[in-house]
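Shown next as structure tokens: one chain only, the form predicted on its own.
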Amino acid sequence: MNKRLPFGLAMVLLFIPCLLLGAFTHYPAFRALQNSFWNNSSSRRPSKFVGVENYQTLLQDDRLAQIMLNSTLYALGTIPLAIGLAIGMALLVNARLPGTSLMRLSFFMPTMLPMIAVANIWLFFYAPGIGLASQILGVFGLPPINFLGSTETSLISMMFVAVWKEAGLFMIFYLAALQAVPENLKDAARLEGASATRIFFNIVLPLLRPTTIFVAVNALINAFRLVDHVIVMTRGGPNNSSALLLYYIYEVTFSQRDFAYGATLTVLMVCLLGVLAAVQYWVLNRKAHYQ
């Protein structure tokens, strides 16, 4: 016989996560919105209400325009690639080939590494002349490339780091979804003469859509909140070619000490992520199969 949880205990268990969520998520967001309507204070001058002046500065910020372009290209480059690679790795692991446990561990290993450790590993990989990338180019008789020191390759190099680290985590979600696909659906398709490719695209892939919605929204958030790799590997350079939105917020707030404009940029990022996540969910959810 199932026993119901006492009402008082249920309220306590509900209150604790709500308190933490409000204290560390909603309250900081509200304070950022509030601070975006004031200017910076100093020891001689208190902060003053300036209305939408900080938001007008957003429209005139040429560097912000470049950073938004970088963030857009970064998201468009990393999200589809990470999702596609995760599905491929999940299919490979789910095939029950020899060495599956070792493959699962090797695919998931980058996710377990700390952000700073990953950045330092790839710093050595990209090091011009002595790095592994330069050594590989040398085998084919090609000159070494300064991947992180060139405006043409710095952002793309950061994309590869993100995909390498995130694809293993997304693989776990897809692996769980693949193992939940009913075998009788695939058996019925085989009896009708469907090939493995057609079974995947007509049966398996549509059933993976709920997982894809979850993964895509998380990948979008990760793409805009990346800051560790940028600080360690490029510091936004050269010439802002690898600067992303959260790094710009960090730089404005803690390096330039412009807390008001940093709060305004934070509001911009939160609103942008909310709108993009809602649109992404609505587009992907229209043909999702949850049963």
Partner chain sequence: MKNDLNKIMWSTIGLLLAAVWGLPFLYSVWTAFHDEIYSANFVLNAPLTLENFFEAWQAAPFALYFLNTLILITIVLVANLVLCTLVAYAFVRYRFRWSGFLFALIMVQLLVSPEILIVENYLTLSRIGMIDTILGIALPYLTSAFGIFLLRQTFMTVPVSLDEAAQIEGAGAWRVLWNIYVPLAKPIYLAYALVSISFHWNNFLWPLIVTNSPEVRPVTVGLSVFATVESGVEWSLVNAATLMTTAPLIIAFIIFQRQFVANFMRAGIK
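Take the two forms, find the largest set of C-alpha atoms that superpose within 1.5 Å, and that set is the rigid core. Positions refer to the first chain, counted from 1. Keep in mind it's a predicted model, so treat the numbers as computed, not measured.
Form predicted in complex with its partner chain: not shown, discussed below.
J.: Check Trp122, Arg257 and Thr266: does every one of them have a heavy atom within 4.5 Å of its partner chain in the predicted bound form?
T.: Affirmative, all three are within 4.5 Å.
J.: My question is simply whether Met68 lines the interface with its partner chain in the predicted bound form - judged by any non-hydrogen atom within 4.5 Å.
T.: Close contact is absent here: in the predicted bound form, Met68 is far from its partner chain, nothing within 4.5 Å, heavy atoms only.
J.: With the partner left out of view, is Gly262 within 4.5 angstroms of its partner chain in the predicted bound form by any non-hydrogen atom?
T.: Because a heavy atom of Gly262 falls inside 4.5 Å of its partner chain in the predicted bound form, the answer is yes.
J.: Since only the chain is shown here, I'm wondering whether Phe49 would be in contact with its partner chain in the predicted bound form (any heavy atom pair within 4.5 Å).
T.: So Phe49 does not count as contacting its partner chain.
J.: Taking its partner chain as it sits in the predicted bound form, is Leu58 near enough to touch it, meaning that at least one heavy atom pair lies within 4.5 angstroms?
T.: Residue-level check for Leu58: no, no contact with its partner chain.
J.: Heavy atoms within 4.5 Å of its partner chain in the predicted bound form: which of the stretches 71-79, 186-194, 201-209, 123-131 has them?
T.: It is the stretch 123-131.
J.: May I ask you to list the residues of 229-249 that have any heavy atom within 4.5 angstroms of its partner chain in the predicted bound form, in sequence order?
T.: Counting only heavy atoms within 4.5 Å of its partner chain in the predicted bound form, the contacting residues of 229-249 are Ile231, Val232, Leu246, Ile249.
J.: For Gly237, state whether the C-alpha moves by 2 Å or more between this form and the one not shown after rigid core superposition.
T.: It does not reach a 2 Å shift.
J.: Arg63: after superposing the rigid core, is there a C-alpha shift of 2 Å or more between this form and the one not shown?
T.: Arg63 C-alpha, core-superposed: shift of less than 2 Å.
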